[in-house]
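In structure tokens, the next block holds one chain alone, the form predicted alone.
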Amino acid sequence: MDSERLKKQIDFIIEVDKLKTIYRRSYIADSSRKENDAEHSWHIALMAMILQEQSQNKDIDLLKVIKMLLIHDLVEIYAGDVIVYDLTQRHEQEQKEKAASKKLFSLLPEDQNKEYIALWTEFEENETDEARFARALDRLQPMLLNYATHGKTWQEAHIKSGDVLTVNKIINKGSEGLWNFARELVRDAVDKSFLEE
């Protein structure tokens, strides 16, 4: 047994437990509290398993998608979370997250460091079928929670339907079916006054 390798892996595992302390803007479906990043990552990984058939590419590498979904927000341990609708903050956040990815994944043994940096970068660049599907799920999940909470986060942040559609249009790259569903969800949210037009 390589004890140094195992120590690095355990240190990383303990470090990423901090993801449970990073709270997002989205409320959980019963509106009782905001969700944390660990819950979000679990939820979208489960969504990938259930919604795999909705991917543009039916031969998608599901394990790779799940890996991306489980690690993509780990960088928020150091970089924090920002609302996706604030485009100014999003640009600044990209730089913070890139630096955070190097810091965090360097805790791992070299081979895993390289693998996880590559997966995180692939997710961010959004060029492969797996990344596109993963990003689609990452954007759809908060929309589902917003709808379930009658637009609680949308209303608190004064988000309008056009903002939701513009920012989440990326869903279409990963799944046309999920994008059609998302657009219907927005229309229904407007009709029910969960979201302003």
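Numbering starts at 1 and runs along the sequence shown. Just so you know, these numbers come straight off a predicted model, no measurement behind them.
Although not depicted, the form predicted in complex with another copy of the chain is the subject of the following passage.
In the model of the complex, another copy of the chain lies farther than 4.5 Å from every heavy atom of N172. Although the partner is absent here, L6 lies within 4.5 Å of another copy of the chain in the model of the complex, judged by heavy atoms. Of the heavy atoms in L62, some are within 4.5 Å of another copy of the chain in the model of the complex. Shown alone here, L145 lies within 4.5 Å of another copy of the chain in the model of the complex, counting heavy atoms only. Taken together, the three residues R33, Q112 and L119 all come within 4.5 Å of another copy of the chain in the model of the complex, as judged by their closest heavy atom.
None of I159, V167, A131, L51 but one reaches within 4.5 angstroms of another copy of the chain in the model of the complex through a heavy atom, and that residue is L51. Along 38 to 77, residues A38, E39, S41, W42, H43, A45, L46, M47, M49, I50, L51, E53, Q54, L62, L63, I66, K67, L70, I71, L74 each place a heavy atom within 4.5 Å of another copy of the chain in the model of the complex.
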